[in-house]
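Just the one chain here, laid out as structure tokens, in the form predicted on its own.
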Amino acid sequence: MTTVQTSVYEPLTEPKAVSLAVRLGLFRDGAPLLCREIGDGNLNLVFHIVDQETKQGVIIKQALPYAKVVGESWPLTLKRAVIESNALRTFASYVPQYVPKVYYSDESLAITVMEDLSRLQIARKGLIEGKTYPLLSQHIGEFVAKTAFYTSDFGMNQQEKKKLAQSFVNPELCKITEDLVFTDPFFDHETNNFEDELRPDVEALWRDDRLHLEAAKLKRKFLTEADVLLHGDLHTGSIFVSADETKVIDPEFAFYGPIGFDLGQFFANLLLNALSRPELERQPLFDHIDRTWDVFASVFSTLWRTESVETYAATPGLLEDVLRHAFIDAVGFAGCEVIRRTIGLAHVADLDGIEHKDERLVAKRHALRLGRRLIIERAELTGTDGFRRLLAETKQ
């Protein structure tokens, strides 16, 4: 990967994106190129450039200095583009099969040029369509296990880990998570966004001191525990997938944090999809949750036993303690994500796309009850079957 610093920042346009691709020699001379801006997220411009004859393509992603969902009144650091390209490079050193190739980056212009994944589909969209993706959970379980272990104090020299952690200090993007996931949805905050019919349910959450205490504990973990290098935003919209291939994208929220966070984000978004389905169609989502945890625990345990650099790794019970706390935290983080995706600033199409309003409101009320129980009862769950149980118990 080539990283450079060039001129003063300016947002790309489609013609400028094509000019950059040509200047970098990414296409043959005279190739008939088609460029479209395809970004549907809140923070970036994304250009898809394709040679119309060979169908060869690339993606050019540029960070914006503000959040598109709000506008220029919400400024954002451009350093997140460097964080993203460095995270992709770091992840590729452990699991190259699960991340896109990075061809070029420019720190000044906040640009990353990477592999075209248009042969794949965003997991959220496919799951909404009812696709199952049989290898998705196996791949994500392995991705999280290997990136977590190899960037932890057990998988790398502790002093080198501290240096790596310094390079992923990401305060601006972490602040978004601290606010939008762990704080704003639990209080009457202007960023919240929900239907008027949900107000009684939402206000009950705002008055729930028990819930606030447990959410505060989870936020503290997010703020203070620098266990592993996290993706930081591992939802189903950040994963490209097919029947036999998985690619994790958009790690601009990457930072050193608690080991259970990425797992919790992924679990939550599978649960949100399950909530959007009829009960008889939810089993594939439960299977994915089961498989993700099983693969994560198995791969992480094997690496611990065979490659750990920490003397205490051989101590009986330590691995089990690490895994147990990772699972408990993942359950709680999942609960926070379920609630914030229901009533916070950024929703998900799984719920918002439910056509009939009454059914949509039923699903969202269910989500709020489920999220609350996941947060409060996280230490009581002994395995992933607890997700099924709580989903059933919170139905009304």
Ligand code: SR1
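Predicted model only: the values in this text are computed from it and were never measured. Residue numbers here begin at 1 and follow the sequence given.
The form predicted in complex with this ligand exists for this protein as well; it is not shown, and the discussion that follows is about that form.
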Given the pose of this ligand in the model of the complex, superimposed onto this structure around the site, is the binding site open or blocked (3 or more ligand atoms closer than 2.4 Å to backbone or C-beta atoms counts as blocked)? open
Spot the stretch among 228 to 236, 129 to 137, 306 to 314, 85 to 93 with residues whose non-hydrogen atoms come within 4.5 Å of this ligand in the model of the complex. 228 to 236
Would you check, heavy atoms only and a 4.5 Å threshold, whether L43 touches this ligand in the model of the complex? yes
In the model of the complex, is there a heavy atom of this ligand that lies within 4.5 Å of any heavy atom of F187, even though the partner is absent here? no
Can any non-hydrogen atom of L180 be found within 4.5 angstroms of this ligand in the model of the complex? yes
Determine whether any heavy atom of F253 comes within 4.5 Å of a heavy atom of this ligand in the model of the complex, and answer yes or no. yes
Selected contact from L164, V102, I176, M156, since only one has a non-hydrogen atom within 4.5 angstroms of this ligand in the model of the complex: I176
Just one of I328, C35, I59, A67 has a heavy atom within 4.5 Å of this ligand in the model of the complex. Which one? A67
This ligand in the model of the complex: contacted by all of W74, R340 and L345, heavy atom 4.5 Å: yes
